[in-house]
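Shown here is one chain on its own, the form predicted on its own, set out as structure tokens.
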Amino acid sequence: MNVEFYEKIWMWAATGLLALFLGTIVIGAASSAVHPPGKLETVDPTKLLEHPEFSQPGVKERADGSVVVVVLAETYAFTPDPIEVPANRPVTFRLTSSDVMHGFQVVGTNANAMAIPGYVTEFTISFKPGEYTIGCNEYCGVMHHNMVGKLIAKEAK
């Protein structure tokens, strides 16, 4: 088999680039211990029913007036559903999953996060008054398309 000189150069260059890219991925994953970026808080997904926070998901108001919503995503549903929060106030979401990776997107807002088994995802956002649809945007199984929830932002009286 006769391979031209310039073809050899391109084959070696392509092989070198492929080795460089794969090496970068392996070294990056090994040095970062393959954790999601951002704040790292872990929870045992097999013991969520015993966990003080995630065993009773819901909307809670803290003593300082801030609102925290604890959400559990599992088996094609979000708990609680619907979620009622005050409008025009910062709301902190803390979510995790007990089974597989799920998405948590409040449609029409910038609220978009992942619920990963073993990790707690946290973000804070404010809502204008109204009803919002919550959707899972990570394929989580055959009934993924039915994993929809509702968020209601009510004005204070």
Partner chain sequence: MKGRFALAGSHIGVSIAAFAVASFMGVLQALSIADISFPRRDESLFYVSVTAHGVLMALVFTTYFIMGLGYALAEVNLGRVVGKAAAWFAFVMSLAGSVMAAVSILRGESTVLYTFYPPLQAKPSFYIGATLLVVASWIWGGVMLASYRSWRKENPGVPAPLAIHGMIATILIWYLATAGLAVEVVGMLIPWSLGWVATIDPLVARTFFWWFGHPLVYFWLLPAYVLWYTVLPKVAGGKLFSDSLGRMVFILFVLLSTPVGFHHQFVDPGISSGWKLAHTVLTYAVIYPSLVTAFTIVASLEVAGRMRGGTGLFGWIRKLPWGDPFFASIALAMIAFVFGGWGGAINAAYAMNGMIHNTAWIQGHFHVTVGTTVGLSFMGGTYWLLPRMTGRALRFRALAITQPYLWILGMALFSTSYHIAGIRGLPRRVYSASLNGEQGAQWHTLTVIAAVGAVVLLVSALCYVTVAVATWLGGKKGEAPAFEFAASLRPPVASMWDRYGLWTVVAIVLILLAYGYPIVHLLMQARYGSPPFRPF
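For the two forms, the rigid core is made up of the largest set of C-alpha atoms that agree within 1.5 Å on superposition. Given the structure is predicted, the values throughout are model-derived calculations rather than measurements. Numbering follows the first chain given and starts at 1.
Separately, the form predicted together with the partner chain exists; it is not shown, and the next lines address it.
Looking at residue 3, you'd find a heavy atom of it within 4.5 angstroms of the partner chain in the predicted bound form. Although the partner is absent here, residue 92 lies well away from the partner chain in the predicted bound form, with no heavy atom inside 4.5 Å. Mapping the unseen interface onto this chain, residue 118 counts among the residues with a heavy atom inside 4.5 Å of the partner chain in the predicted bound form. Using a 4.5 Å cutoff between non-hydrogen atoms, residue 150 counts as a contact of the partner chain in the predicted bound form.
None of 53-61, 84-92, 66-74, 105-113 except one has non-hydrogen atoms within 4.5 angstroms of the partner chain in the predicted bound form; the exception is 105-113. With contact defined as any non-hydrogen atom lying within 4.5 angstroms of the partner chain in the predicted bound form, the contacting residues in 1-23 are 1, 2, 3, 4, 6, 7, 10, 11, 14, 15, 17, 18, 21, 22, given in sequence order. Once you line up the core between the shown form and the other one, the Cα of residue 16 ends up 2 Å or more from where it was. Relative to the superposed rigid core, the position of the CA of residue 25 differs between the shown form and the other one by 2 Å or more.
Relative to this form, in the predicted bound form the C-alpha atoms of residue 100 and residue 25 separate from one another by 3 angstroms or more. The pair residue 139 and residue 24 is at least 3 angstroms farther apart at the CA level in the predicted bound form than in the present model.
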